[in-house]
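Shown below, as structure tokens, is a lone chain in the form predicted alone; questions about how it binds or moves come after it.
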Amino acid sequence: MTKANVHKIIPFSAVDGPGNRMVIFLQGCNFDCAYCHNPETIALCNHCAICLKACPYDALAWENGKVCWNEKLCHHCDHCIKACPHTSSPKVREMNIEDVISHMEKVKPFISGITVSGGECTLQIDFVKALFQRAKEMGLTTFLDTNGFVSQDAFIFLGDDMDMAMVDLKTWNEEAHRELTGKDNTLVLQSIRYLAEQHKLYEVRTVIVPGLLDNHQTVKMVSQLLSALDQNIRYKLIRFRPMGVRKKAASLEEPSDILMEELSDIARNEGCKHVIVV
């Protein structure tokens, strides 16, 4: 039976695709972003047990050589994550398709679809496809939230089981992208072009980080690319916020309203019809 490592499930979201959506966050990522807002989604728990003493509610236990999480006792204080030297989480669950379907069935009358995110969800592509197939049978739309560092074969594999995708593009400059994430952006740009050609690219997202990235170049070049592919593809400019980030990124500043307005004007002037600032 197809299984996946699931970080968490949010039953309702209005920011992860159109309508009200359930979002399934899968654990594991092939990027190592310097300013990652959810660094605990990158690596799997290696069961070193350091987190056991950090939990004030006895929600963690040592069983059969592994750290086991008791959701009923958990108060989600995240002391375990703060104590983890690997910046991981002991609260990741191995779930099969039926486990996730049971969550979907509880809220099905109130959602328009599901979005599978991460981490990087395409690292568990077999699970994503199987889940999308079941979601379609339930009459729900299926969206993929990806960093785009994935081969075209993955999107071909998902085929019509995936309705649309949302792709993060961190920065336009290849070397800056490598320094930021540990990987270059060649595959990301290929993914954007391919998905747009297939009319399956719902949105591209860029986090605006002053002092770290050349935001003006990125917004200008991405806007030119999207307007050439399809002017109706949404371009979302996300304001960097230093909450939940790694310690080395906590000192980075939030972009000003003036900067966000300036960048959104650039995007519109380059031909993007749907620019969203959050």
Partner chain sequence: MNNTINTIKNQTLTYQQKVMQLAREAENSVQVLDIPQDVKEYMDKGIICDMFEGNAPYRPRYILPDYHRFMKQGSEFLELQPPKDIWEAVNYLLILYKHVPSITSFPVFLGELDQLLEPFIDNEEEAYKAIKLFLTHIDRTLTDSFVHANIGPKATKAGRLILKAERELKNAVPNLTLKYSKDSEKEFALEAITTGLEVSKPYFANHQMYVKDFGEGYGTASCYNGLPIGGGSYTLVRLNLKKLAEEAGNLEDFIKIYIPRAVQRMNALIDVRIRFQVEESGFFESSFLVEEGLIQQDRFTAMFGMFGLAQCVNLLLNAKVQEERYGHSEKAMTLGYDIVKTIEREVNAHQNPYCNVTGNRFLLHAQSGISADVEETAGCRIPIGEEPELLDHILHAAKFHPLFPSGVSDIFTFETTARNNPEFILDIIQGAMEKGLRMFAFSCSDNDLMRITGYLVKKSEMKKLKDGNQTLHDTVALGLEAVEKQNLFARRVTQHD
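Residue numbers count along the first chain shown, from 1. Keep in mind it's a predicted model, so treat the numbers as computed, not measured.
Below: the form predicted together with its partner chain, not depicted.
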### Task
State yes or no: in the model of the complex, is some non-hydrogen atom of S13 no more than 4.5 angstroms from a non-hydrogen atom of its partner chain?
yes
Note to self: Even though the partner isn't displayed, in the model of the complex is H199 close enough to its partner chain, meaning a heavy atom within 4.5 Å?
What the structure shows: no
Worksheet item: Looking in the model of the complex, any heavy atom of P109 within 4.5 Å of its partner chain?
Response: yes
- Any chance N269 has a heavy atom within 4.5 Å of its partner chain in the model of the complex? no
With a 4.5 Å heavy atom cut-off to its partner chain in the model of the complex, the contacting stretch among 99 to 107, 127 to 135, 175 to 183, 143 to 151 is 99 to 107
Contacts from 18 to 35 to its partner chain in the model of the complex (any heavy atom within 4.5 Å), listed N to C, are P18, G19, N20
